[in-house]
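There is one chain below, alone, in structure tokens, taken in the form predicted on its own.
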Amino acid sequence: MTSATAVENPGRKVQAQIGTPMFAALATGVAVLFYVALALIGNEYLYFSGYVVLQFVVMATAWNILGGYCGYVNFGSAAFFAMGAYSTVCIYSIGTEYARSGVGKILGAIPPPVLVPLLIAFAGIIAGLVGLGMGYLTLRLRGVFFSIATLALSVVLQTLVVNWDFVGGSRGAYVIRPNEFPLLPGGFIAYLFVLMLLLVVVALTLARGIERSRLGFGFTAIRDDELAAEAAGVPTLRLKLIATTVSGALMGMAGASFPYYIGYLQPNSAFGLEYAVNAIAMPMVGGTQSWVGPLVGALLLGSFQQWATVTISSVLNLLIVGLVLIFFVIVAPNGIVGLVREWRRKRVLRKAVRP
């Protein structure tokens, strides 16, 4: 037992020395190197596909804060994503339809490179508030009842959008993005890629900080045994409301720049099944009890989907996700991170019992 402890302690000490500010700096440095590498390659398609993969990283991380840390499975991920996308469409419509007076004139005068970061922040606020309200109404439900309630939220919101002509309704809405961005060689799509890359850094830093804080310990207590946590004095409802707010805000921020990326937004694309499915499948593939799991799952599964879209067909994406998810549920229910932890644990035990 002493030998096992001696083997495990150095890694833990190194992780403990990396605080949240240092992790944010390291993650930012990796993001800069990643962008520089893509810029040197000079293939514009990499920005398009990379944007989608990074979007899935944010979605998976956001879902994991509620579903992985707290154990509350959210089927309404597409609703929060679409909420962020349609908040952008709403602001864009105000800036174009009422560009001659009032607020519309102010919004219409803001250049897109400045407007998009503001829209991301605005979408985070709106989606976070809706997440707070949803949590207050549904978090007294548990298990499958909570999951069904979140799915109902997605259906209600999609019905509202389909019948709201100001944001395009069922016919959809156009959001025109500039072709060029002088500061980046890849144009405006490269700018959207950079914004999503920065959002990934924010999401991962936030998730890691939560995991290693008292808030994360409270989430773990809720996931392991909520009744015991309540009996021990853990403010479970308050913690769950924090989780739904943060998770919803990140999902909304992930969808805010999507209308500029796609150019034409309609309900079927914003409320697409792939967002709801991938947001759940990617953390489960990577591992739900750590901030690393959603990152690993989103990078692997998202990259594989982009490759399949180009080489085979985009209609196979959900089939690929389903097959991979079935495989991991059977072979590795704790995901890739769980497999690695189990392998390391067995290795430490072998070293401990070795004469």
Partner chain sequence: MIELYANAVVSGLLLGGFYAAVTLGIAIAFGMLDVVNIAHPAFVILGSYVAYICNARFGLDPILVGLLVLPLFYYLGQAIYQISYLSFERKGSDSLRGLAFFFGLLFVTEVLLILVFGVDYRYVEAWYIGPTLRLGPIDLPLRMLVPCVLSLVLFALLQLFLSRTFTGRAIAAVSQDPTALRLLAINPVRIKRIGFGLSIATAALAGAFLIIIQPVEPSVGREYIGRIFAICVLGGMGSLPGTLIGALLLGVVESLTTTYFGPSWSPAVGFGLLLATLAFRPAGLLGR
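Because the structure is predicted, anything quoted here is derived from the model rather than measured. Numbering follows the first chain given and starts at 1.
What comes next is about the form predicted together with the partner chain, which does not appear here.
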Each of I110, L118 and A249 within 4.5 Å of the partner chain in the predicted complex, by any heavy atom, yes or no? no
I'd like to know if S147 sits close to the partner chain in the predicted complex, meaning any non-hydrogen atom pair within 4.5 angstroms. yes
F75 near the partner chain in the predicted complex, any heavy atom under 4.5 Å? yes
Give a yes or no for N179: in the predicted complex, does one of its heavy atoms lie within 4.5 Å of a heavy atom belonging to the partner chain? no
Would V32 sit within 4.5 Å of the partner chain in the predicted complex, counting heavy atoms only? no
Heavy atom within 4.5 Å of the partner chain in the predicted complex - residue from L319, V310, L26, A39: L319
Just give me the single entry in A152, V103, L129, I262 that has a non-hydrogen atom within 4.5 angstroms of the partner chain in the predicted complex. A152
Residues from 315-351 in contact with the partner chain (non-hydrogen atom within 4.5 Å) in the predicted complex: V315, L316, L318, L319, G322, L323, L325, I326, V329, I330, P333, N334
